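A single chain comes next, written as structure tokens; it is the form predicted on its own.
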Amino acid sequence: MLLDFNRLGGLRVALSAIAFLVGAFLLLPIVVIVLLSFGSSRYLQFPPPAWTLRWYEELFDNPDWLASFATSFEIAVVVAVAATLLGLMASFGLARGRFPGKEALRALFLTPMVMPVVVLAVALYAFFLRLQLNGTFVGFVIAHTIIALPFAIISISNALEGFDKSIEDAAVLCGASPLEAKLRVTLPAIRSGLFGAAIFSFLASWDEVVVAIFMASPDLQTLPVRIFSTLQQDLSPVIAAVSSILVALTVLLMAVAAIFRRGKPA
């Protein structure tokens, strides 16, 4: 028995070491990029010879970068709202509906998540070209909503499936209308799923680059597209500064989501 405990302890140590190494392998490149954004070298030199905020100053002094920031943020906010609303309606149908082909419909909704993004980008480009939506704000929103919708459906569906519908039925029996019961009972109970859907939809739009490259125009470019086009011309530390801000925003949103879920009443 003592030998078994020793083996179990050794296995735990080995698994912990492997997990640490994998985590370090994934995080170290991000840490290096963040450090390079504060380096004084005009080139991406590591370790940096000195430290400076010059690249962040250049970033915020450049109107093209700021315009791309604003464009990405505006699109991501609209996509977060649209994907959450559409995901809520779809989730009610998938979680509570009883009709033939429900699982096939669920698979259809989740297709953008598993389809190769290049295939989806080419298909959207060809379709939107006929509708003259390429290079437009509306086209970006529709394309990114298609990408973000599966994340919203998964988050909201899981919350609905974990909600006791008898509570909503009790509200109806007490005199509330079905719509009022959903608005005042169900939606507050699944708010963590709604919040998660909004966060993941925002990030799916904010970080998307392949579809955005096909949708972009000279006058309308999201931040990932601006990074990609700049990389083709100049490997400037400004790109490291932009990447660091993207990482910081993503970490901040995920932290807010975690705090929200932790503070959710049981």
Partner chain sequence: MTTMTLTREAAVRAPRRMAGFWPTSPALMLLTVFFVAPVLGLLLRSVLEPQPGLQNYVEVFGSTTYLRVFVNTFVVATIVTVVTLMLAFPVAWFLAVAPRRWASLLFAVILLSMWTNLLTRTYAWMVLLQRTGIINKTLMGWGLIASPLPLINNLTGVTVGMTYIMLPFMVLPLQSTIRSLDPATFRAASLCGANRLQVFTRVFLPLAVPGIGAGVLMVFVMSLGYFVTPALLGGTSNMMLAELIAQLVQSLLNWGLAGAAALILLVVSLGIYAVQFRFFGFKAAGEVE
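Source: prediction; values computed, not measured. Residue numbers count along the first chain shown, from 1.
The form predicted together with the partner chain is left out here; the points below concern that form.
Taken together, the three residues 33, 142 and 232 all come within 4.5 Å of the partner chain in the model of the complex, as judged by their closest heavy atom.
Although the partner is absent here, residue 156 lies well away from the partner chain in the model of the complex, with no heavy atom inside 4.5 Å.
Contact between residue 70 and the partner chain in the model of the complex is not found at the 4.5 Å heavy atom cutoff. Contact check for residue 40: no non-hydrogen atom falls within 4.5 Å of the partner chain in the model of the complex. When contacts are judged by a 4.5 Å heavy atom cut-off, residue 78 does not count as touching the partner chain in the model of the complex. In sequence order, 142, 145, 146, 149, 151 are the residues of 135-153 having a heavy atom within 4.5 Å of the partner chain in the model of the complex; the partner itself is omitted from this view.
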